[in-house]
Every structure is written in C-alpha cells, then in structure tokens.
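Single chain ahead, written as structure tokens, the form predicted on its own.
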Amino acid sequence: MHSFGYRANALLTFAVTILAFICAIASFSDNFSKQTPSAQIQLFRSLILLDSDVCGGKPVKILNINWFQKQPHGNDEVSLTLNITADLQSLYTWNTKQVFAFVAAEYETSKNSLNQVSLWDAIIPEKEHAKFWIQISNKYRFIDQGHNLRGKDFNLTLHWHVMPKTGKMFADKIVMSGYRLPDAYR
C-alpha cells in the first residue's frame, strides 16, 4: 500500500492540474466576448473654428480653458475642464477583476514625435460603475517641458487596461482628435 504522504501528494498534484486547466479555459473564453466600448470627451465650452488661414480649412476645436500660463522656470502649464462620457461595460466578463482607465493629452514637438500627459484616471472595480459621465478639471498637471504648447494641436485619448482574475491583461484606447490650444497665455 501507498503511504499517506504519497496519496496526499497525488491528490494535491491532481487538484493543481485541474485548477490550472480551469484557469486556462477561463482565460481562453475571454477571446469570444464582443467588446464595444464607447467614449466622448468634451472640453468645457469648446468652440469649432473654420478658418482657412489658421487651420487649412479643417475644423479645429479652440478651447475655453481655465488658465494657460508660463511657469516661472519657463514651462507651459494648462488647466482644462473635461466632460468625460464613457460606456466601458462591454469590457466586463465574468473573468474581469477591474478596469483601469485614463485620459491622456497627446501631441508632437520638434524633439519628440509623441508626448503623452495623463490628465485623469480611475479604477473601475465593477461593471455597474463602467458607464459614467463626469465633469472634472484635469486631475494631473498638463505641463510641457519648454514652451511648446502655444497654438499646439493635440488629441485626447481614453486608454483602458482590463485586469482579469486569471489570464493576460490587455489594453486598448479611443483617440479623439481636433483639439487646439490658444496662441497666447491667459
């Protein structure tokens, strides 16, 4: 006969093997869920400008911002009020633990082809909280190292990272373009 230790080892090995198999099936099942998140970000009282001299005939949103200033050490800083509307409920399956979402301003400068500044973020723990509308000033400072923000076109991008209970984490984003900062400080 086999000893108690041998039987316990066999039972534990079998249980861990079954658990690993169930986790793999759970992770694989997320590939079959249809995810159609939607989002819209508006800047408080933004305007649309159509001027062929300024923007080549393309519609550009000119912002009514809280303030736009040059810091004492020379960096540009902007404060915006954002209206964020999002429906991320389709990201949730039975395997989703939480979703991390953040809004970033993205723009180009002569030094860098992509600059990203995080303006707002949130952890969404449940599906019921994944459909929301908030009006908020940027949670984090919108600062450029230098004086590159005047008259700058930029995109607002909603990024999200889905954190599953088991399996790999995945990320995606929605890009909203057509925003422009003023040419002068206010």
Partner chain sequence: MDWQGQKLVEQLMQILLVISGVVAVAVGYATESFRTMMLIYAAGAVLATLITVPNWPFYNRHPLKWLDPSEAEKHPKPQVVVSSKKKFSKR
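None of the values given here were measured: they were computed from a predicted structure. Positions refer to the first chain, counted from 1.
Quick note: we don't show the form predicted in complex with its partner chain, though the next part is all about it.
Student: Find out whether any non-hydrogen atom of Arg186 is located within 4.5 angstroms of its partner chain in the model of the complex, and reply yes or no.
Tutor: No, Arg186 stays farther than 4.5 Å from its partner chain in the model of the complex.
Student: I'd like to check something about Val175: if you look in the model of the complex, is any of its heavy atoms closer than or equal to 4.5 Å to a heavy atom of its partner chain?
Tutor: Outside the cut-off, so no.
Student: Is Leu11 close enough to its partner chain in the model of the complex to count, meaning some heavy atom within 4.5 Å?
Tutor: Yes.
Student: Examine Asn95 and determine whether its closest non-hydrogen atom to its partner chain in the model of the complex is within 4.5 angstroms.
Tutor: Residue-level check for Asn95: yes, a contact with its partner chain.
Student: Identify, from the list Ala26, Ile136, Ala122, Val117, the residue with a heavy atom within 4.5 Å of its partner chain in the model of the complex.
Tutor: By the 4.5 Å heavy-atom cutoff, the listed residue in contact is Ala26.
Student: Taking its partner chain as it sits in the model of the complex, which residues of 165-186 have a non-hydrogen atom within 4.5 Å of it? Please list them.
Tutor: Stretch hits, in order: Lys165, Thr166.
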